[in-house]
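Next comes just one chain, in structure tokens: the form predicted on its own.
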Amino acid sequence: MGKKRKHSEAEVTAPVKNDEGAPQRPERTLLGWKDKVEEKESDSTAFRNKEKVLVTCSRRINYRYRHLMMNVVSLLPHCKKDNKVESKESKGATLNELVELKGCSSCLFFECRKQKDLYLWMAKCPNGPSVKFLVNAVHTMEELKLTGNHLQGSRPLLTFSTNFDKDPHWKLLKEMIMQIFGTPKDQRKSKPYHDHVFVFSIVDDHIWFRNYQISVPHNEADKVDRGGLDKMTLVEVGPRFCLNPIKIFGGSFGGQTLYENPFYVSPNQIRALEKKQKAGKYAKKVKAKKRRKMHEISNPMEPDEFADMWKE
């Protein structure tokens, strides 16, 4: 065996590099280069819409109303679904907590009572405002079977009738509908196309909702120029429903009452009136029987001469 080298000979001095002028390599993350992302965030001062909507319903909901909720979920790519919530007085605190856990800023809550009446809560969480609607004239996509068809996840165009600019409560409802039903730009689940229209119109103090597909001819020889709206047609897709505003609250699912509809009549009162009308028919029959008895007592029949003739 050879002789071992001395310890002083084994040590080799490593050359020292001057890295003072070399730029430091940026740290890489799952979302990209960290330094570049920070530069972009600092440079961009434009507002970015990050609206997310939580859509849920109450327990013991009717199947038609559940289908309507699923149709609304299919139309809103920026929404999130959640489990059913018990319809109690404390539902506001529960829903606000769910909205916070899901990272949303708005909520659509379908509340069904007596398996007949459907109420829609439209709220901005957690500070409000919120609106309570009575939903009438419900027609789901499965019932209508219309010929319209548009791309799922595409961004809709929102159109409103001129009545929304008359009163302040209609202006507030218009702004809430724009924020909740309008799909944000560059949302990850949305498509960068506008191929359908949401129509909100006020008739008889009710908000009527319609969804139409924008149909454009696709022949290469017959292309539509910019601004050529004459060749575009609207084909209804569905669903259909009507919103009757009941109250507008200052907070989320409660608080100070900002507006109350003076023309609103609850479904319970309508059913009570119908029962009274049906009960009126029975009361008329009872009164007729009493009048008949009083008439017989006041006008007795004369005795018949031949009544006892055949008794012997």
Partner chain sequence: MGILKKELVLSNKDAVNDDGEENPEVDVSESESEDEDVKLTERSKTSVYNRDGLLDKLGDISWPKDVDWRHRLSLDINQEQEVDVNDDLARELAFYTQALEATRQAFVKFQSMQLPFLRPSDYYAEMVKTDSHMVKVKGRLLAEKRKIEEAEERRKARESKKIAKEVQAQKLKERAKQKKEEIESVKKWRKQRQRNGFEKDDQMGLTFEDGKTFEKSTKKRPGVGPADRSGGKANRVGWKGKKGGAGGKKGRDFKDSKFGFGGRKGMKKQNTAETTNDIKSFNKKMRQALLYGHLSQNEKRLAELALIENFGFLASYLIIDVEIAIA
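In this text, rigid core is short for the largest set of C-alphas that superpose within 1.5 Å between two forms. Numbering follows the first chain given and starts at 1. Please read all numbers here as calculations on a predicted model, not as lab measurements.
The following text describes the form predicted in complex with the partner chain, which does not appear among the structures shown.
Residues within 4.5 angstroms of the partner chain in the predicted bound form, judged by any non-hydrogen atom, belong to 160-168 and to none of the other stretches in 107-115, 78-86, 91-99, 160-168. At a distance threshold of 4.5 angstroms between non-hydrogen atoms, Leu120 is out of contact with the partner chain in the predicted bound form.
Among residues of the shown chain, Asn62 is not one whose heavy atoms approach the partner chain to within 4.5 Å in the predicted bound form. By the criterion of a heavy atom within 4.5 Å, Phe47 is counted among the residues contacting the partner chain in the predicted bound form. Shown alone here, Leu273 lies within 4.5 Å of the partner chain in the predicted bound form, counting heavy atoms only.
In the predicted bound form, Gly148, Asn149, His150, Leu151, Gln152, Arg155, Pro156, Leu157, Leu158, Thr159, Phe160, Ser161, Thr162, Asn163, Asp165, Asp167, Pro168, His169, Lys171, Leu172, Lys174, Glu175, Met176, Met178, Gln179 are the residues of 148-179 with at least one heavy atom within 4.5 Å of the partner chain, listed from first to last. Core-superposed comparison between this form and the one not shown: the CA of Lys116 stays below a 2 Å shift.
Comparing the forms between this form and the one not shown on their rigid core, the Cα displacement of Leu144 reaches 2 Å or more.
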